[in-house]
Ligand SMILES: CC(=O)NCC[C@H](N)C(=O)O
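One chain comes next, on its own, written out as structure tokens in the form predicted alone.
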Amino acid sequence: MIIRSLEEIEDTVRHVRAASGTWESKRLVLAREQAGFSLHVTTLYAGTQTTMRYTHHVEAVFCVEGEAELTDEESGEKHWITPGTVYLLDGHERHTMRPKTDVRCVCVFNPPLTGREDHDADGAYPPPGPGA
């Protein structure tokens, strides 16, 4: 059994801040725990914009705080993300988040992340390595 709190991973290697300055992620469960998924609490900052496309992962996102516009860059559809909303990127969709306020989300990735990933120039995380 693993017990871990957000407070205890503050400012550790599990607390990742994007090079872009648009988000931070506290990574509670990672590939090393061998659970088959990773679990993160991610905050996207108000007034920023982040374009992503997880070509190697499926991500489920559950908004617990804040408001943002989510644009599916492939279809042009826009969605309003508020607390209680979930979205699933099961088709590796390129998407852009534009938070109106700070947005806090619980995110699950499959395959699991190793923990230090940041978005590349295409908005993706690298493919999982051996043992991930």
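Don't overthink the numbering: it's just position in the shown sequence, from 1. Predicted model only: the values in this text are computed from it and were never measured.
Keep in mind the form predicted in complex with the named molecule is missing from the figure; the text below concerns it.
Residue contact check for Met52: one or more of its heavy atoms lie within 4.5 Å of the named molecule in the predicted complex. At least one heavy atom of His40 is located within 4.5 Å of the named molecule in the predicted complex.
Using a 4.5 angstroms limit between non-hydrogen atoms, Cys105 touches the named molecule in the predicted complex. Interface residue remark: Ala68 is not counted as part of the site for the named molecule in the predicted complex, having no heavy atom within 4.5 Å. Contacts between 18-43 and the named molecule, taken as any heavy atom within 4.5 Å in the predicted complex, involve Trp23, Ser25, Arg27, His40, Thr42.
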